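Form predicted on its own, single chain, as structure tokens, below.
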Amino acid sequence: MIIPNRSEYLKQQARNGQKIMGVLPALYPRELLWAFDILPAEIWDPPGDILQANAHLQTTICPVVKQGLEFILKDPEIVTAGYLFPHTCDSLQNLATQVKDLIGISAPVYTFYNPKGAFRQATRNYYQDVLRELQTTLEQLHGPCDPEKLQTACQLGFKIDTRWNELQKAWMSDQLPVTNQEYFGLMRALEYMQPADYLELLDQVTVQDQTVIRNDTRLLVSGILPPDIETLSFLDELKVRIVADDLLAGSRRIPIVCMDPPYDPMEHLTDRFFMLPPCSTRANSLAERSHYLKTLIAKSDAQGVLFNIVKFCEPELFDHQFLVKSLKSAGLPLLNLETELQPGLSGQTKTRIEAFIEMLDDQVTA
């Protein structure tokens, strides 16, 4: 399995004349963009120092927003179809306003106001309205949406979701012979690859028929992004395996259950949104999130939870204190790590991880 380099892959797509849209995190109808022959290039944690963005943002804004603005201000040539800002949090919504009305970039700027809170019929109707509004807005620049292309795009999305449900179950049951770094690299490759190419990549992953007996320490990771490459590599060295995730850039964007094949695109996309796991950015109840995490821990036999918290991330921090209290009361060991998306793993962080893993291993042998 060879995962294409993000930058090289997107540059090649741009050279081939592919329309590319920069998409800020996190929940949006990627199938609708595919139907317009637009490739989403998601902007979560692009590399590089923050040089220009600080002039436009407060110091207490999360680094995902800062890195996103820094990327936009560099005016990358690969982004030819504009930018899409989903309503993930207030900071990203405000950033959309700045980019569109104050900074004044030349590329088109789109917004997608996905609903928050519990499921109701009115919420469902609202979601379909914003889907159609985005479709109408895209049609103004890219022509009418071909219903057959939209149906095909939904079928591709369905196949990707189905395959990921299989891979997640195999990962939990020790039937997927990949490292932590490979697993999350594979998951995040959907952020920039063509759906057909991505399906081919997923098909290269072999699910073993039988469980592989391992003595690895088992963790669940929760947060916005997975730990950085160096941390994942360090966990691999320590024989620690992340067997389940509650990540916005991970399984929170995969329906909890396998859906039926799409019959009507708008109905399918709406159903899919409301079948996603509970998430801080969707304003699901704290009790619902706590129950989901405890269920996921039980299913995966995770020995502890690693919270990978992006600094100043308001939605996650609102939920975090309650989740920590709830999981601790259930006797679940926790480790909190804070990240500013800068590369590098400090000696202090390594020591904290080692101590946490040692504690988990001692509990097993006690």
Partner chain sequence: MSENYFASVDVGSLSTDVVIINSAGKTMSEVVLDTGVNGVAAAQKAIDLALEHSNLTQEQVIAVTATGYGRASVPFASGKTTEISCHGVGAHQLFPKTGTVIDIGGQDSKVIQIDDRGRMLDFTMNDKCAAGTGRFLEVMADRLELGLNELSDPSHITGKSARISSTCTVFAESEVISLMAKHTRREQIVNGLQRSIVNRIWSMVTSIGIEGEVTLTGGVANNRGLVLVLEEKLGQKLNVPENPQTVGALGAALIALRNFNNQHF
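Positions refer to the first chain, counted from 1. Keep in mind it's a predicted model, so treat the numbers as computed, not measured.
Form predicted in complex with its partner chain: not shown, discussed below.
Contact annotation: of the candidates 301, 338, 37, 314, the single residue with a non-hydrogen atom within 4.5 angstroms of its partner chain in the model of the complex is 338.
The shortest heavy atom separation between residue 325 and its partner chain in the model of the complex exceeds 4.5 Å. At the 4.5 Å threshold, heavy atoms of residue 8 stay clear of its partner chain in the model of the complex, well away from it. Among heavy atoms of residue 16, none comes within 4.5 Å of its partner chain in the model of the complex. Contact between residue 3 and its partner chain in the model of the complex is not found at the 4.5 Å heavy atom cutoff. Taking its partner chain as positioned in the model of the complex, the residues of 339 to 362 that bring a heavy atom within 4.5 Å of it are, in sequence order, 340, 348, 350, 351, 352, 354, 355, 356, 358, 359, 362.
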